[in-house]
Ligand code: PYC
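Have a look below at one chain only, the form predicted on its own, in structure tokens format.
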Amino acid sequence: MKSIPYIDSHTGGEPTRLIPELPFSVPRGSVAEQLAVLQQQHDTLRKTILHEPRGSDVLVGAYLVAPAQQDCQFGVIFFNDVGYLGMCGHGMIGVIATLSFLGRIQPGTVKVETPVGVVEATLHPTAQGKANDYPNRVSLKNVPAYRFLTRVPLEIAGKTIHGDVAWGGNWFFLVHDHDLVITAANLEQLTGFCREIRRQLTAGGIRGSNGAEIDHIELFGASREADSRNFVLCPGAAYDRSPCGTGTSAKLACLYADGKLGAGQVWRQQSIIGSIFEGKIEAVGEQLVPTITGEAWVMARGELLVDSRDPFAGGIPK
């Protein structure tokens, strides 16, 4: 019987399962190099943690690893039920709040190495009079974001829509002219629509920089409580319950490029279930650097048990 300790949190409704320590050693190197080793030699661990019967397609996992960059305090590798993520905004907020809960960090700023670059995370102190609560509000200065393609046309169900291809730590196709109602009561239609978009992007050879796969689809609509409401289909078949940190970063880059958002201006992005992230973007030289702020709550801790006799010890295959 093997044991894998874990801690679960959620950020705006989207869960993150943190694995504080790998159950085996990985050669030292950059976080990107450690990811390559995990992907090539230890992918069974990802499936064990997130596939059914222990996990689900909604969960996002995070390995805490040693950073290679000397100015970073932590390294993090994010993954889901179908593969690995370059960055994960809600997941990083969850990781930082969890480290706060464990007493491993105090309010202030830490740097975290990810496979796609360094993220600067600021843990905000709790409100006055809340000294017994663990700080859980986090601002992420993300990797630089940018728009790669503008108003790419696709025909979906006899209607031409347009989307921007943008990077925010993952690749996104962002759509506004879809005529769908973005509400939790419309999940089936929204999911089907986004899966068809992703299918057409693949069939049409529409990709991100250096031929990268566009694996996140993001639809936008009106919101009464924020500047915008979104639906994000993540890699695989699950939708993001949070407003999506990397997706909001990509959105901010597009807004800035269109002159619809000024540097430092706050944008409030609402998820399909109503949770809200605050975002802003700054021009640093020729790069656009987004900052995303949200809250996470620790909700479970324990250990996953892996019995060698179990026919589904490594997860149910997909």
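One-based numbering along the sequence shown. Note that the structure is a prediction, hence the values are computed from the model and not measured.
What follows is about the form predicted in complex with the ligand, which we do not show.
Of the residues given (Cys234, Val138, Val112, Val95), Cys234 alone sits with a heavy atom within 4.5 Å of the ligand in the model of the complex.
Between the options Val119, Leu85, Ile217, Val76, the residue in contact with the ligand in the model of the complex by a heavy atom within 4.5 angstroms is Leu85. Per the 4.5 Å heavy atom criterion, the ligand in the model of the complex is contacted by stretch 87 to 95, the sole one of 187 to 195, 102 to 110, 151 to 159, 87 to 95. Interface residue remark: Asn230 is not counted as part of the site for the ligand in the model of the complex, having no heavy atom within 4.5 Å. Taking non-hydrogen atoms only, Asp240 approaches the ligand to within 4.5 angstroms in the model of the complex.
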